[in-house]
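Just one chain is shown here, as C-alpha cells, and it is the form predicted on its own.
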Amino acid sequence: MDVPRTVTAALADRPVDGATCLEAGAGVGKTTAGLLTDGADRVYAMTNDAEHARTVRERVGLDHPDRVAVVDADLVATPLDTNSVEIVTAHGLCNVLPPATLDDVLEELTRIAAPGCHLVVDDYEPLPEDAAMRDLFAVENAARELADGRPALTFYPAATLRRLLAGHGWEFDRERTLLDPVPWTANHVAAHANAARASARPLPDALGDPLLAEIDRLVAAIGEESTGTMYSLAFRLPG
C-alpha cells in the first residue's frame, strides 16, 4: 500500500523504528503501512468498523502477519494492556468523534501508553465560513443528528486538542501543517454526500426529502474544492 505524504510527514520525526505502535482508528490502514515502512516492530491497527478491519487485513496484514494485528475493538475500551504501546497515531480520527467520546478515547489512549510514549494526532481545523464543503458537512451533521442524535463530524482546532491532551498528562512537542489548503476531491465529496444520504433516507419524508435535495444541490455546486488546513500535533507522555 502506498503511504500518503501526510502520513510520511507526520511520522518523520518520531522514533518508530523497533517500536510497538497503535494506529487508533485504522481506517484503511494507511498509517499502519507508514509505521511498517518506518520499521515498527509491531502495529496494532484498531477499528470497530468491520469493513475497515477487513480492508486493513487484506491490504496490509497479509503481507506482514508477524508485525500487524488488526484489532476489532472500540477505542473507548481497548483490549491492550496498560503501559504497552510506545507510539500512538490518530490520523483523521478526532473529527469523527463527538466531544464526550473524544475525551473517553484520549483517556484510554493514555492508559495504554508506556512512559515516554509518543502520540501523533493529525486532523483538520474548522473550515472557513465561506467554504462550500462546510455546508456539505453541516447537512451531513444535521442528517446524522436527526437519525441517531449525534453529529457525524466535529472539527477541533489544534489549540483545543493541545489543551485536552495536556489535561490527560501529555506534554506538547511540536505542530506542523500537513495540508494548506486541503484538496477535497470529487471522491471526498461523493463519500460525504453518500454518508449524509444514508442518514437522511430513513427519516420521515418531511425531514429527509429537503435534506436529500440539499445534498444533491451541494454535490453539483461543489464538484471539488481546496480549502482549510490539516495539521499534525506530536506529544510525549512523561517517563
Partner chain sequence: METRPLGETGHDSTVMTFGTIALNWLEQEGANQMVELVLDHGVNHFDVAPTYGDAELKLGPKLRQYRDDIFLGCKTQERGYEGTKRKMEASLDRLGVDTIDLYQVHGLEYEEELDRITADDGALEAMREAKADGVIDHIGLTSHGNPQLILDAIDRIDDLETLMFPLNPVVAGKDDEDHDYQAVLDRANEEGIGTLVIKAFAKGPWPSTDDLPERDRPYANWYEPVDTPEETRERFDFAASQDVTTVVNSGDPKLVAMTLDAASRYEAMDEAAQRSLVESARHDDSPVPEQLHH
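Positions refer to the first chain, counted from 1. All values reported here derive from a predicted model rather than from experimental measurement.
Although not depicted, the form predicted in complex with its partner chain is the subject of the following passage.
Peer 1: Look up in the predicted bound form whether residue 124 has a non-hydrogen atom within 4.5 angstroms of its partner chain, and give yes or no.
Peer 2: Residue 124 belongs to the contact set for its partner chain.
Peer 1: Taking heavy atoms and a 4.5 Å cut-off, does residue 16 contact its partner chain in the predicted bound form?
Peer 2: No.
Peer 1: How about residue 118: is it within 4.5 Å of its partner chain in the predicted bound form, going by heavy atoms?
Peer 2: Output for residue 118 is no: heavy atoms all beyond 4.5 Å of its partner chain.
Peer 1: Against its partner chain in the predicted bound form, would residue 42 count as a contact residue? Criterion: heavy atoms within 4.5 Å.
Peer 2: Looking in the predicted bound form, residue contacts with its partner chain do not include residue 42, since no heavy atom lies within 4.5 Å.
Peer 1: Can you work out which of 101, 83, 95, 160 has a heavy atom no more than 4.5 Å from its partner chain in the predicted bound form?
Peer 2: Looking at the other structure, the residue within range turns out to be 95.
Peer 1: Using a 4.5 Å cut on heavy atoms, which of 178, 36, 53, 212 is close to its partner chain in the predicted bound form?
Peer 2: None of the others qualify; the residue that does is 178.
Peer 1: The chain here is shown without its partner chain. Which stretch in 60-68, 203-211, 23-31, 167-175 comes within 4.5 angstroms of it in the predicted bound form, by heavy atom distance?
Peer 2: It is 23-31 that comes within 4.5 Å of the partner.
Peer 1: Kindly indicate whether 2, 188 and 192 are, all three, within 4.5 angstroms of its partner chain in the predicted bound form, using heavy atoms.
Peer 2: Every residue of the spot touches its partner chain in the predicted bound form.
Peer 1: Heavy atoms within 4.5 Å of its partner chain in the predicted bound form is the criterion; list the residues of 143-160 that meet it.
Peer 2: Residue within 4.5 Å: 153 only.
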